[in-house]
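In structure tokens, one chain follows: the form predicted on its own.
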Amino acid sequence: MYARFGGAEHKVESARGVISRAARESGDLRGKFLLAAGVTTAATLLRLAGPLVVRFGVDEGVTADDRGVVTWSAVAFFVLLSLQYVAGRAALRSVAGVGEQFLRRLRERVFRHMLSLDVGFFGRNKTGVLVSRMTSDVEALTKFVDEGAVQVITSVLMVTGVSVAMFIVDVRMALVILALLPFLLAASLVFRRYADRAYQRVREHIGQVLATVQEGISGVRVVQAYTQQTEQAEDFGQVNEKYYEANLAAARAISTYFPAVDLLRTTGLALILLVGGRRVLDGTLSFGSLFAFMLYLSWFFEPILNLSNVYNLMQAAIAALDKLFGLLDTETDVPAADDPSPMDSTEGRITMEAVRFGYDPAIPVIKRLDLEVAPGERVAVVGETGAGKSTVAKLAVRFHDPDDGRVKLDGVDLRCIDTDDLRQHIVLVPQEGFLFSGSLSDNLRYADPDLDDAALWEVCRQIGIADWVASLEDGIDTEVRERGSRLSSGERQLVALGRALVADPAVIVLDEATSNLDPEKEQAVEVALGTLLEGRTAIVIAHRLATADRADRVVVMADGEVVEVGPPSELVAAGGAYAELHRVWEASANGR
């Protein structure tokens, strides 16, 4: 069976396969797991010994009218209960401890792996679905570790132990109880079949619910601006209805199975009273044995009910583990270099040779691109929407690899450069400055956490934000809040430019940094850009031709191809594609 994930087929493993893989990947925890299993087994054996002590007390004490035996049996039973309590607590702590260690490692591995995947992966997958991997799926595993794992181990041990204990007490009575086993197995198989189907639907729809919620919250401004609150709520209602129906189907399976098991338990009790009671009267079975059998009968069905109770937890945990393993198995479309070329320093020459690329290889966005940017040169890429401008930026920083052709830095194919080296030499400044929760200092130091305060203030001075930062109540330690929401878009962009200056790259790839700013902030950002780009190679994706006019050369793109290249003044004078774009832009700027 296969499922779609990350734009590729992911094989859905069987429950046994998922558990086997988890065991293989946690081999160093095997000793701790065996210790936890041993403690759990000890707690189970202590409980199983209780009815045998009761049988002895009844047969040798109550029936024989021996008060001393009754007293010692009661004391022994109390000691067993006390030891079981201690062992039970130790079992819960040890099993939970092993499980939490496994989950801690798994969370770190999954998050680290997600950060290593290519940008295209995040474009193919909804943010809400990816977030659900780290929230609802990990929560399902955590819940099973905290609530279900010990019950599963204990229940399996109890069913096995009680079966053996009943044969030790009396073979004939044990066979009477085991006669109910085929009915119990049949009911369990039917329950499993319907429950599997129901819980699979539950797991499918919870991801859709989270994705819909995330999308609605992220786009709340647009929703309110177009008064689509009712329609958005109705869309969520449809997704939520399917999730409700899936949970209802699971509830129906549970409501049928549990009463059936309870009926079998009652039937077993009736058989013990009928068969066992007659044998006590006949003298072929002791009263203590009958009493022990009644305890064992309850304990025979109790773990089966416990297993059914945690079955949904176990299924959800296995499915969640399979999804997380599927994410870990997702390979990046931008693999690391096998034998990377050393790039201790670079001049900053960018070369694109016969580059062809499409997000879908069958539909090229860039049909052919040949371009060389000299060290220290500023090249602006312009064109109408859909011409391929932003794709050029993504190829230049190796967010994607070309389908054909090569992108080079100082004559070295980007695919042959270590990713960390590449990110040190080429930095992308996006159109909207993204800031992380934390302080201004944290965000400015993001590229170099070890940067000292003096150097940090020098960066602020160079980028033109030193006075503004000093005017803030907490200065450089001011909290910017989530996504930098405490700052205006212009302030966020200035901080993002300062962060890029700290990185000190040889090449800057700039997605128009002033397109969404007011005139005052635009001027401040332009000054900061002048500082940032000085002496560096720059590829500027220009949405405003005022930015393109300040470049050394302009590359005009149309339909995935370069149609003009040259200094901006010469292209305007030539009267070609750039001149036409210029005419339309000036007319728009002048309100005509």
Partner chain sequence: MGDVAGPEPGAIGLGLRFIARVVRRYPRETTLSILAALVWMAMVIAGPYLTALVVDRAITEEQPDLLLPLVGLVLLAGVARALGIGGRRYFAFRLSYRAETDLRNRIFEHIQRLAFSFHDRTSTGELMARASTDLSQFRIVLAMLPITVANLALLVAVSTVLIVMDPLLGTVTALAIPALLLVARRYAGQVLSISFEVQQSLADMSTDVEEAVSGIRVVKSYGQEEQEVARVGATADRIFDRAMQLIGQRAIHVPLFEALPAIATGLVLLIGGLRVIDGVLTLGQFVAFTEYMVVLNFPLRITGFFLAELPRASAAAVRIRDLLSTAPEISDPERPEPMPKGRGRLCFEGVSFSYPDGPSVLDGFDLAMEPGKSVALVGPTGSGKSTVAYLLPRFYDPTAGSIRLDGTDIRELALEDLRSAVAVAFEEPFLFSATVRENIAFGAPDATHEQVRLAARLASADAFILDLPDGYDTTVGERGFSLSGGQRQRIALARAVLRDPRVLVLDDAMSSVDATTEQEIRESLATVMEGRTTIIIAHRPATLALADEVVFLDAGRVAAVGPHERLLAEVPRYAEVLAETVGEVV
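Positions refer to the first chain, counted from 1. Values in this document were obtained by computation on a predicted structure and should not be read as measured data.
What follows is about the form predicted in complex with the partner chain, which we do not show.
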So in the predicted complex, does K126 come within 4.5 Å of the partner chain, heavy atom to heavy atom? yes
Answer for L248 alone: is it within 4.5 Å of the partner chain in the predicted complex, judged on heavy atom distances? yes
Look up in the predicted complex whether G411 has a non-hydrogen atom within 4.5 angstroms of the partner chain, and give yes or no. no
Could you confirm whether V565 comes within 4.5 Å of the partner chain in the predicted complex, counting heavy atoms only? no
Using heavy atoms only and a 4.5 Å cut-off, determine which of S345, S341, T160, S437 is in contact with the partner chain in the predicted complex. S437
In the predicted complex, the residue from R192, R201, R423, R356 that sits within 4.5 Å of the partner chain by heavy atoms: R423
Partner contact check in the predicted complex: of 182 to 190, 315 to 323, 457 to 465, 73 to 81, the stretch with a heavy atom within 4.5 Å of the partner chain is 73 to 81
Restricting to 245 to 265, the residues within 4.5 Å of the partner chain in the predicted complex through any heavy atom are N247, L248, A251, R252, I254, S255, F258, P259, D262, L263, R265
